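Below you'll find only one chain, the form predicted alone, shown as structure tokens.
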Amino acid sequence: MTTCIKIAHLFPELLNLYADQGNLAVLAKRAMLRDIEVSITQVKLGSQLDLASIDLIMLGGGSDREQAVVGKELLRYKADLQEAVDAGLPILAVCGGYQLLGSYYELANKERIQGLSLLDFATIAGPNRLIGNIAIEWLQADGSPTGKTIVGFENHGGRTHHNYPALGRVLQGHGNNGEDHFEGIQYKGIVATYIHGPLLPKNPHIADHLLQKALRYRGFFEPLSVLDDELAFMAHNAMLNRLGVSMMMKEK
């Protein structure tokens, strides 16, 4: 496959709390192994964001202060981002980036960090942080199981409730709010999650899911070729074992 996908990495100088930048390295490497060119644009504070040329957005996690700064910066692109989301632009949003897709994040002192309102949900700080390794069952957009798992690490004080399809059902860990046993959102091109670690090195199937979305957004529908993911799934399954989850992932 010979084509090029263009990735916008938003505010890497601020949103890289738990090595989220590693997600970009995985996407670029897995594309390169398939002879897919990747063009990466780092959008920093004060830079311009040209969404017309972008096939995938990466929005990582950061502290409350950094999240507030990014939220204000992104508000000037709100209308363009909404149009792109409605058109199916793939977005990987992690933790703070996830929260920014909603209307606001209400802190414990009742102060609100303004979100982009690209999706209809809000996040409210809880009395304690939800921290630890996590494993979820990856779901289809219709809520049916894929038979695959996603593993990683979560550390968030916010509780997010929404009515969108969840990324997965919690097997071990906390997820969106520690109550409803769901984690993340998948809506049109969006994959939003509280899973850091970073997310993609131990979950190559999610990396490929995002790459396929980006290619389809650009108009290429050929399926991705299969890669040797033995080491990645060994790491994945080691986490499942640590958490006492019996669903072992296998190479494609």
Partner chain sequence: MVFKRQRIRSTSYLALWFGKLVYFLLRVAGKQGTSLPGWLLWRIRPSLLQELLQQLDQCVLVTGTNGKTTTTALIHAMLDNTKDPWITNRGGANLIQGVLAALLQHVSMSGRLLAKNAVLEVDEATFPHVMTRVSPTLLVVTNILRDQLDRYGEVDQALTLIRQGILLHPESQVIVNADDPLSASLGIDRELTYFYGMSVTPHHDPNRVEVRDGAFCLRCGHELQYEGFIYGQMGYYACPSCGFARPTPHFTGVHDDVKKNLQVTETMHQAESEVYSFYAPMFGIYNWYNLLSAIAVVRVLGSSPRILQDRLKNYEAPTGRMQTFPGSPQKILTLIKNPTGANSVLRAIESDAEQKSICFTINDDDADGRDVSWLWDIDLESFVTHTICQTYYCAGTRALDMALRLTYAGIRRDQVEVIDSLEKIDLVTKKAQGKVYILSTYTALYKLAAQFHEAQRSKAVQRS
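Numbering follows the first chain given and starts at 1. Everything numeric in this text was worked out from a predicted model, so none of it was measured.
Just so it is clear, the following notes concern the form predicted together with the partner chain, a form of the same protein that is not shown.
Taken together, 16, 30 and 129 are fully in contact with the partner chain in the predicted complex: each brings a heavy atom within 4.5 Å. Residue contact with the partner chain in the predicted complex: residue 70 places no heavy atom within 4.5 Å of it.
Residue contact with the partner chain in the predicted complex: residue 155 places a heavy atom within 4.5 Å of it.
At least one heavy atom of residue 196 is located within 4.5 Å of the partner chain in the predicted complex. Although the partner is absent here, residue 240 is not a contact residue: none of its heavy atoms lies within 4.5 angstroms of the partner chain in the predicted complex.
Exactly one of the stretches 51-59, 199-207, 186-194, 218-226 approaches the partner chain in the predicted complex with heavy atoms within 4.5 Å, and it is 199-207. Residues from 96-126 do not approach the partner chain in the predicted complex: none has a non-hydrogen atom within 4.5 Å of it.
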